[in-house]
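Here's a solo chain for you in structure tokens, the form predicted on its own.
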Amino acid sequence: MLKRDADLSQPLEKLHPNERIKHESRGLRGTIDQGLEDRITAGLPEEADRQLLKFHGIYQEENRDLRQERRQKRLEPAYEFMVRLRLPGGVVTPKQWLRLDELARRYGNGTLRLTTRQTFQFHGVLKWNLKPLIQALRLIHLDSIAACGDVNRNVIATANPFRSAVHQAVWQLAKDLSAHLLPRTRAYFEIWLNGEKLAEGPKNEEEPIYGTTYLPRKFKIALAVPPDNDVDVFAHDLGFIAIVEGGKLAGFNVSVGGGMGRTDGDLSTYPKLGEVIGFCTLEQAIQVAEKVVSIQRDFGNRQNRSRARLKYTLDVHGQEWFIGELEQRLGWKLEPTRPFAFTRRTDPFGWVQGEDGKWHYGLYIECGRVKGELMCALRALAQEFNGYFCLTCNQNLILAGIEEQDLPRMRQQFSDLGLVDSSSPSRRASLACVALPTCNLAMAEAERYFPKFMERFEQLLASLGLDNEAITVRISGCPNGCARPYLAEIGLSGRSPGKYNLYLGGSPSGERLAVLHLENIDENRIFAVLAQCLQQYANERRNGESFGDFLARIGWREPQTVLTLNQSNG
């Protein structure tokens, strides 16, 4: 029998196969170490080990651009690995940045990827380079533990903790939550660091929070500081919304049950916004997080992974049940929610002065991909920069902590290095996931398609006099929605090469889901729709009204002539 807690158990054979893999993994070890030593294949030969590898922050992928060529030559797929860092709050020092830059060029594909979850990904890492990479990361106090897998993943927070004391406190909570919810197993240190053990680590490997089967699926936490919702707090299993009263952090409203993933053709899966259920103090936040995780551990769906996220647990049992279960486990009741308001979720670009008088510079990075001249420029900057590199959940970078007296010199240096961006407002507000050629789940292009799509979109906006509008576009290569397209004003979710589902009408503050408008359509069809609704927006919008809010207000549907065109295309 597989015990999930003292009162609930189920036979393993009735659960999803991944539950047995976790249960029998010997604390996430499996036979990963043996697979790493196998020189016959560039991948891990055992499926169980490939699943367990995710708990170590690593995915086995392949270069899908080479798939057909290698099949014709009867070669195995071009296996490579993605390594994702655990970086709560998304802050590194210039020294760490330089080392990450070096490691990306030595062991990866020569680029750094800033993700929508405020961390770094290395792509194109070969199997024999995994250990050297992780050991090098350890030397700069970084790791990839629990960056993936059925555990709490990287904890994100409103970008740049150095802008105020409140932001600093929220960042500290993100780090504390990440540490508290880490798996206790020493497998990571044994496999990747030659048995090294953290001196401050646990004395035994019992998992008091996770148990032997960990969680039914991934679990994500976000911390937001209004009026900014740059983390898309309602897209997460658990959200903490900072409540500031009298200039000080009073505590957090608690949101539960958000999630973006869905499965095409399965109407029982859907994106969902989190529900605000109460208020807790800063001192209570870690206890709240642990108990929410424990409820998902004990009641989450372990038969069907498509319905294993907390949002489905909440929907099956109901909010009233969930709050009662949470408060029973806490031993106290949440306070009533307190007022808050989100007004934006884009990043602050250019120069912004913080509460302490220091300056911060927001730099746009298209799709979060640091490469080529940009990589060289940031490397040169990091060699003499005394501040911090702060990642955002919009895949951008904030160079933080610049002293007032250094401002003229830094302005000139940024200009000399070409770190002055002139991208359009809509491009700055938009995202794309990695997708092809490396993501195993990708059904269509996203990052590589983004520049082409945005160029055509910007031309359309200019033709309608809307080129100064920051309309949010998000492109994901599959229904899992890593770029959170279901919260965009215009969202694309990949269905097949060159074909996407089109979502319209998300709110600019991230508090309303977009609506599925058309399925499985190509670029020309997408732009035919966008041309019509943007024309109407240009003619009929209210003063200051966003595109998404306009569509929601009027309940926009395209004219019948366009539907007829769609039908004629099959």
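Residue positions are given as counts along the sequence shown, with the first one as 1. Since the model is a prediction, treat every value here as computed from it, not as a measurement.
One more form of this protein exists, namely the form predicted together with a small molecule; it is left out here, but the text below deals with it.
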With the distance limit set at 4.5 angstroms and only heavy atoms considered, check whether 161, 360 and 375 all reach the small molecule in the predicted bound form.
no
None of 490, 174, 432, 225 but one has a heavy atom within 4.5 Å of the small molecule in the predicted bound form; the exception is 432
Can you work out which of 496, 281, 440, 319 has a heavy atom no more than 4.5 Å from the small molecule in the predicted bound form?
440
Hey, in the predicted bound form, is residue 61 touching the small molecule, heavy atoms inside 4.5 Å?
yes
Given that the partner is absent here, does residue 82 sit within 4.5 Å of the small molecule in the predicted bound form, heavy atoms only?
yes
Although the partner isn't part of this model, could you tell me whether residue 274 comes within 4.5 Å of the small molecule in the predicted bound form, counting any heavy atom of the residue?
no
Report yes if any heavy atom of residue 480 sits within 4.5 Å of a heavy atom of the small molecule in the predicted bound form; otherwise report no.
yes
One stretch from 162-170, 294-302, 412-420, 120-128 that, in the predicted bound form, holds residues within 4.5 Å of the small molecule by heavy atom
120-128
